[in-house]
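Below you will find one chain, with nothing else, as C-alpha cells; this is the form predicted alone, and questions on how it binds or moves follow later.
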Amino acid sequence: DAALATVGGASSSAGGDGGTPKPSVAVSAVAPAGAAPVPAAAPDAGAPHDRQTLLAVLQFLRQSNLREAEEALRREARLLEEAVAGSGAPGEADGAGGEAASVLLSRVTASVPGPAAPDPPGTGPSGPAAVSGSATGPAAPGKVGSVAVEDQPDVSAVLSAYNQQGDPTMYEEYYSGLKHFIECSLDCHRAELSQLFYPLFVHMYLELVYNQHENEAKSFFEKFHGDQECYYQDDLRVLSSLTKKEHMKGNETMLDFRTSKFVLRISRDSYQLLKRHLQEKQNNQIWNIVQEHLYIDIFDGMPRSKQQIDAMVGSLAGEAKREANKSKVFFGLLKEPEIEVPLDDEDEEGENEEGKPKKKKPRKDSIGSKSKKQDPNAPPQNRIPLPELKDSDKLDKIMNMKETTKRVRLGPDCLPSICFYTFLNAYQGLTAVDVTDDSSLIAGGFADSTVRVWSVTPKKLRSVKQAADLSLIDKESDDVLERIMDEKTASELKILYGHSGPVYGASFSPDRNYLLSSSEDGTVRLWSLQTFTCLVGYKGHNYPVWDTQFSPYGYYFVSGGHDRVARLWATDHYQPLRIFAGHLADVNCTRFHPNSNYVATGSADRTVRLWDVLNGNCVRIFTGHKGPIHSLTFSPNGRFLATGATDGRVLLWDIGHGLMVGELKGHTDTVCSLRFSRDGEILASGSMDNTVRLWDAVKAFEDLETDDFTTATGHINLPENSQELLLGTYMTKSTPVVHLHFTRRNLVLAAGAYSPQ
C-alpha cells in the first residue's frame, strides 16, 4: 500500500538525542507539541496551523480509505480519533489515493526543514507516482496528483500555503550548493548530474519571478546563466526578458516549460547519489523541483559519458523517454503493383546491330522480382487506404522503370553531376522550391505571395481550352489529350495568384496534375496544373504554414505550421483527417515515409517526431539537434531518416530501433535541404552556407551497433568520421541552397536564389 510505505516506513535520524536513528515520520515535524522530538520547528507556523495541516492529511487518508496509514499517523501524532471530523465515504483504495497521499505528505514536508520522506518503493520520480502539476503554478490549489479535492477546503488551504516556496534569498545558496556537490562528484557521475543544471536554473528563476522576487531573480540569473551549455543560449535570451509575473502569462515557451516535464536520463547510481545528497542537506527546494518538474528516466547500468550525453540532449524538453521510442514501426516498403514493361522495338534492334546479347529481358525481370517479395517490416498493404492506380499512373511507372535501367550507380568513385538552377533577380524573395519526380517542372514559392511554375524541358506549359471549345472536340480520337490543350496559352512560366502572404512550402502531386502551396496567410492551396487555377483553399491552421508535402501515393498531404501541430489532409476533404499535436514549438518541416503510413515532422523545439497516420500517435521522438530543424528526408528503403538543422549538423537515425546512428559535421550554417540518391548510396545536403555536400550513405549505415543494450539505455557511440564520409563539397558563388532533387537517372538538381553580398 503506497501511502503506508511513505508514512510508516520513514526511518530517519530525527532525534534530539545525539542523532541516534529513531523511527519517525516526516510529517511529525509539523505535529503539535508532545509529538516525537523535532530537530527544528517550522518557521512562523503556530500550533493551530500545524494542527490544521495534520487534520487535513488525516481527513484525506480517511476519505481515501487508507485506514492503516491513518492509524499509523495518528499513533505517531498521538491524536485521538474524535479530532478528525466526518467519517469520509470510502474513496479510491490505494491506487490514485495512495499516490495523492504520498504527494500530499511530500508537500507537507516541503515547508519543513526536517528530514524528507523517502520515496515509497517503486514510486520514484520515475515510478508510477511521479506527479505532474506544479505547486507553485496557478493551477495548484484544489488538485492533488490525480485526485480532485475541491470539496475539502482545508486541504486546498494547506496546499496554497506552499505557493510561496522557500526563502528567496536562499535560492542562490541552494543552487551553488548543488553545483559544488556535482562538480566535486566522481567523473562518471558528474557528466550525468550536470544535466540538472539547466532545468533547475530555469525553474528556480521562474519560481522567483512568479512569486515577485524580481531583484533576487535578476541576481540569480546573472550569477548562474553563464554556467549553462552553449546550446541553450537562445532559450536563455527569452528567459532573461521575463522579469515580471505578468510576462509569464502570455509566454507560450515558458508555459510549456512549466507544464511539460523536462526529461533526463540518469543511471541508477547517479540518481541515488543525488537523492542522498539532497536529503542529507534537507534541500527541499531543489528536491521539490526535481519531483515536480523533472521526469528522471532511470536506467540500470554504466553512467553515460559526456560525449554520449551531449549527442542526445539539447531539445526544449530534454531527452525523449526511452518508452517513447519502443513501439513497433513498420518501416518497410509496400509491394509495388506488377506492371509489365513493354519492350521497345528500336531498343532491341539497336542492340542486335551492335552484336551485343540482349540484356533487356533479364534486367526487366530483376526490376519486377525486387518488388514481388513482401518486405517483412512493411505495413499490411491495406493498413491505410491508398488511391487506386490510374492508367496514366501506370504509364508513368513504366517510364520510370525505363529510366531506371539507365540510372547511374553512384558511389565514392562515381559521384553525380550537379545541375544548379539559380533564380536570378528574385527580388520577390524565393521562399520554397519543389521539382516534380520526373524532373520536368520546377515550382517556386515567393515572399510576394505568388507561386511560379516553370517547365524545365522544351515542352511548354499549356492550359486546357475553354468549355465552349472543349465541346467541339471528338472525344473518341486517340490524341484527345493533346487536342484539349490550348496552344495559345503555351509559355515556359505560369504565375499562380491567390495567397495573401509569403509562400513557404510547395509540393507537386506524384501524377503532376496538382501543386500544393502553403503560406504565411494560414492556408494551404491546391492548384490545378491543367488550368493553372486554384481548386481548393484548406483552412485549418490559424497561423503561418511553414511546410506542406504530398504523400508518395498522392491523395493525402501533410502540413505543419506556427501553431505547433502538423495536420494530415486528403485532397477531397475540407477538414484535416488527423492532427498531430505534441511539439512545443513551430513545426518547420514535414515529410511522408516512402510507405505513406508515417509522417515525420521537424520542429523549432529541436526534436523530430514520427507520427503514425493510422491513429495519429507519436511513435518516435528524436532529440540531439541543438537548433530548430529545417530539413528531413527518408532513405529510399524506409529504414533511416536524415535531419538537418540550424546547428549545421546532419543527424542520421535508425527508425526501427529509434536510435541516432550518425552525425555529419561540415556545414557552417542551417541545413535547408537533404535528399538521398534514388538507390540510397549518397546523401546530398544543401545549406545556407552556399554549399552542396555529398556524403557516403552506404558507409554511414554499415555495421551499425544496434544491440538491445544500446537500444535500452541510449549509450550511443557516434564515430567521429564525418571527414571520411564527406565525398565532396560544391560551392555556389553566393546562392543559398534551398532545394535538392535527384532525377530518375541520379543527376542532382539544386536550386536557390542568388543573393548579392
Partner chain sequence: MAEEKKLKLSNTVLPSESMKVVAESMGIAQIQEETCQLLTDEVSYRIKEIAQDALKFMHMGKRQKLTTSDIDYALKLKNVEPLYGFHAQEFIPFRFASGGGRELYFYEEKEVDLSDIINTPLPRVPLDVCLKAHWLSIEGCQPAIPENPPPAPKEQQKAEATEPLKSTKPGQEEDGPLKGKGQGATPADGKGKEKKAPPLLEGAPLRLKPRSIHELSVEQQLYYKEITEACVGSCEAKRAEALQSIATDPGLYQMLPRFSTFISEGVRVNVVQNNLALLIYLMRMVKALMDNPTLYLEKYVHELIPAVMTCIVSRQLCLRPDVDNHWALRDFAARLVAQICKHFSTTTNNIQSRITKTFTKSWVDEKTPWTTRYGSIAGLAELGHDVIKTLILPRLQQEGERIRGVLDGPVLSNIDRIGADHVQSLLLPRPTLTLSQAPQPGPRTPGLLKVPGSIALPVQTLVSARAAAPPQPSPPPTKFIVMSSSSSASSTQQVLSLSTSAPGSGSTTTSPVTTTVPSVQPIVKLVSTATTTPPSTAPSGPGSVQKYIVVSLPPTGEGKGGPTSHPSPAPPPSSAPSPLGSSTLCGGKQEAGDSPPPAPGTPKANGSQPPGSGSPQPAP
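Numbering follows the first chain given and starts at 1. Keep in mind it's a predicted model, so treat the numbers as computed, not measured.
Although not depicted, the form predicted together with the partner chain is the subject of the following passage.
Heavy atom within 4.5 Å of the partner chain in the predicted bound form - residue from P510, P502, P168, G332:
Checked against the cut-off, the match is P502.
Which listed residue (F634, Y598, W546, W653) meets the criterion of a heavy atom within 4.5 Å of the partner chain in the predicted bound form?
Selected residue: W546.
Any of the heavy atoms of S517 lying within 4.5 Å of the partner chain in the predicted bound form?
Residue-level check for S517: no, no contact with the partner chain.
Though only this chain appears here, would D612 touch the partner chain in the predicted bound form if you measure heavy atom gaps against 4.5 Å?
Output for D612 is no: heavy atoms all beyond 4.5 Å of the partner chain.
Exercise: L242 in contact with the partner chain in the predicted bound form, heavy atom 4.5 Å:
Looking in the predicted bound form, residue contacts with the partner chain include L242, since a heavy atom lies within 4.5 Å.
Distance check, L58 to the partner chain in the predicted bound form, heavy atom within 4.5 Å:
It does not: once the partner chain is placed as it appears in the predicted bound form, L58 has no heavy atom within 4.5 Å of it.
If contact means any heavy atom within 4.5 Å, which of 323-331, 674-682, 293-301, 659-667 contacts the partner chain in the predicted bound form?
In the other structure, the partner sits against 659-667.
Mind listing which residues of 561-594 have a heavy atom within 4.5 Å of the partner chain in the predicted bound form?
Stretch hits, in order: H562, D586, N588.
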